[in-house]
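Before any questions on binding or motion, here is one chain by itself as structure tokens, the form predicted alone.
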Amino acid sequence: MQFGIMSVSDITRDPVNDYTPSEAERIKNVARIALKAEEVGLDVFAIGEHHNPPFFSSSPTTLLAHIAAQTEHLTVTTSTTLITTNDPVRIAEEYAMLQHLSGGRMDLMLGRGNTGPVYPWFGQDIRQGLPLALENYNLLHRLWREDVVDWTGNYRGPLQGFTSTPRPLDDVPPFVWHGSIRTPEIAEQAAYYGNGFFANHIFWPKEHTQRMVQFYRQRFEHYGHGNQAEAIVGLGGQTFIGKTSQEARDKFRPYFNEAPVYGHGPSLDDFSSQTPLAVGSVQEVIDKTLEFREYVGDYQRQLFLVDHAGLPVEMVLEQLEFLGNEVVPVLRKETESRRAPGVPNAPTHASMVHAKYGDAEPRQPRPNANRGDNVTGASPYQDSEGTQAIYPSM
């Protein structure tokens, strides 16, 4: 089981100190937070994608490449890559490049995005969000698996004899999660392709997450990717940890009350009792997190939101100390001891390379410099031995 943190990249006023960081401060500090995550032994760092204030992460691959270059073990990923307002060709190329630069220590989570004004900024209509998401991912899926793509759709210009570069590292596409807060169609899409499904698991009661995950598991099995227990599930969540329950609530309450996503609504106590929000002592956070398995089954990735609502960076780094040194070691041991036989681990680049090649050397695509101009429909690549290779779909 993988444990990590995710950020939505908000720039929010600290209500305790009445201080709003600049974009420069927030960007610098989120990199510090990611490095701290690796230092304390976490597995994953995820960043969202936004193109409107008060968020800063308009270019996730740039930030994640910067973090990957300074870490050795951390998997870098997104907590949303917008499959609707991004051109799938650009997603294919940018994330393949990130895959190469990180040595395969990356994956990505696709989502529609629900901020209405963003769609027209990129020439799209939010009313077409769902069919746009379905069409764009179908193209992205092919771009990573076929050297030469001929394609016609409804939401972008056609492609003829197109090759996305660079090709995926070891000719193995990055692993894809599909993330959703409330949309079963996205769970259906994840199941259809045999990809992972990530439930936001922050704003809603546990019954909602339970229904969404169960639907995904059923459809995963329906499409022949394995039994329901073999489906790849990730959960979000938010936590704030203190030495005691009272300390945690006292420290977090002013940030909760002013948080742009749920402030000025239910009280901290009500929200904690009705949703997965875990605010309390180390043991209380451990106990509540272990409850997640009881209603979604065994799952592969748990990401915590720890850096939003104006929390100062020093407090976030302290939270990571709690998570990495006291909470996650217990969660690792307990989840492993409770995991049912046959439940797979979260896919990694190494595991996917082994699944495709076994003990053989991975194919290394390389442009065939001796071919001259490419002929439409033919591969511009050769395999490791120099012979032409047109790679089949996975």
Partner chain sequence: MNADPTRLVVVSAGASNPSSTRMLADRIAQRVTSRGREGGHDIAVEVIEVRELLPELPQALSSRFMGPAFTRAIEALTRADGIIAATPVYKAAASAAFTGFFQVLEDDLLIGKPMVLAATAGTSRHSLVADTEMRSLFAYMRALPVPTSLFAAPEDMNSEGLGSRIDRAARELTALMAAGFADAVRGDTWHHYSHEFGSAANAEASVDFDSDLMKLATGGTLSRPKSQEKAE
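Numbering follows the first chain given and starts at 1. It should be emphasised that the depicted structure is a prediction, and the values quoted were computed from it without experimental measurement.
The next section is about a form of this same protein that is not shown, the form predicted together with its partner chain.
Residue contact with its partner chain in the predicted bound form: Glu188 places a heavy atom within 4.5 Å of it. Contact check for Pro184: a heavy atom falls within 4.5 Å of its partner chain in the predicted bound form. A residue is said to contact a partner when one of its heavy atoms sits within 4.5 Å of a partner heavy atom; Gly103 fails this definition for its partner chain in the predicted bound form, lying far away. For Phe122, no non-hydrogen atom is located within 4.5 Å of its partner chain in the predicted bound form, even though that partner is not displayed. Taken together, the three residues Pro166, Val172 and Ala346 all stay farther than 4.5 Å from its partner chain in the predicted bound form, as judged by their closest heavy atom. Residues placing heavy atoms within 4.5 Å of its partner chain in the predicted bound form fall in a single listed stretch, namely 204-212, out of 294-302, 77-85, 235-243, 204-212.
Proximity to its partner chain in the predicted bound form, taken as a non-hydrogen atom within 4.5 angstroms, holds for one residue of Asn138, Asn114, Gln228, Ser281, which is Asn138. The listed set Leu130, Met97, Val149, Met315 contains one residue whose heavy atoms approach its partner chain in the predicted bound form to within 4.5 Å, identified as Leu130. Annotation for 1-28: no interface residues with its partner chain in the predicted bound form [heavy atom within 4.5 Å].
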